[in-house]
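A lone chain, given as structure tokens: the form predicted on its own.
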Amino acid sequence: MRFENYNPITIFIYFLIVFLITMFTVNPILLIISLIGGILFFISNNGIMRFLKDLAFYLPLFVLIAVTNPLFSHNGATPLFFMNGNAITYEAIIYGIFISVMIISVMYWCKCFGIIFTIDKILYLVGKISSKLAIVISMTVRFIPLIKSQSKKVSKVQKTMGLYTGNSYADRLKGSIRVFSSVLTWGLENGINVSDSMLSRGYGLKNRTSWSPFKITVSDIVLILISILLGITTLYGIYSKSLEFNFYPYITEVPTFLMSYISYSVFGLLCIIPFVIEIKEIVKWKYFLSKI
């Protein structure tokens, strides 16, 4: 079973734990582990070529953030040189580099989350909290492409009738307002029709049952327990100051306590779980293909 086929609750809990640890730590080892895990997961879903193409965006972003921080932050006790009377410190440069690592790590994990956590999974998760909120999100997502399609139709009909075909700014503005007014009225009418239809079907009633393709399996329970256990262990390492690291005023040494190594190891296991699951499924698929 691929990682995306797990229950949405399982996937959400996993990503939540990874996001929390990545965003609220400054320990460089944890940040590097998170970045590697996010990149491996991204490659397993999109391929190495897509990753290499994306480097054209991420490498300049990395450099931009790393360079910007020492220009605006002059904290640190080790000045390297002065620019416009402001000290550019060694600590600020290193801090900027690892802030870049943290931001790009979160971006990679967000991209993976966006690929895996589709709208049906969002509706399933939200529906557990509020059925009304779920139907509002569902209608909103559905209406976006419908409104685009309807606006094109109305615009074409108006041009076919010879309305607002001029190149002047005023003429185009009038046409856009006319299209917007028509599409807005159409959208409101459709919203009322959908609402009445859902009401007549008993949507949102207390005793109404619903079917869902997502079920909690033994694999989901195992992955949830593993994710929580590994996450709590890493958070305990942060709470116990076994992973404490400071950039200012001086860069401290990377923690090397026993609990530090344990935390690095369990967080590494946590970040590599999706990659291992994906690789296992790819190998299994290729093995079955070879038997055909």
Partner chain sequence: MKKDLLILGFIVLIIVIIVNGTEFQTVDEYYLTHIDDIREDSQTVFISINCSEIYANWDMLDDNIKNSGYLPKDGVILDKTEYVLREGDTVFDVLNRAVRYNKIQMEYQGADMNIYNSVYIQGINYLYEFDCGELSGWLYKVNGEFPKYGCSSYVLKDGDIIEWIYTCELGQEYNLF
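Positions refer to the first chain, counted from 1. Quick caveat: nothing in here was measured; it's all calculated off a predicted structure.
One more form of this protein, predicted together with its partner chain, exists but is not displayed; see below.
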**OP:** Please name which of the stretches 192-200, 217-225, 174-182, 84-92 has residues with heavy atoms lying within 4.5 Å of its partner chain in the predicted complex.
**Re:** 84-92
Subject >> Partner proximity in the predicted complex: residue 56 to its partner chain, non-hydrogen atom cutoff 4.5 Å >> reply: yes
Subject >> Exercise: residue 46 in contact with its partner chain in the predicted complex, heavy atom 4.5 Å >> reply: no
Original post:
residue 68: heavy atom within 4.5 Å of its partner chain in the predicted complex?
Top reply: yes
Original post:
Hey, in the predicted complex, is residue 187 touching its partner chain, heavy atoms inside 4.5 Å?
Top reply: no
**OP:** Taking 4.5 Å between heavy atoms as the contact cutoff, choose which of 64, 259, 229, 32 touches its partner chain in the predicted complex.
**Re:** 64
Subject >> Of 80, 119, 157, 133, the one that lies within 4.5 Å of its partner chain in the predicted complex (heavy atoms) >> reply: 80
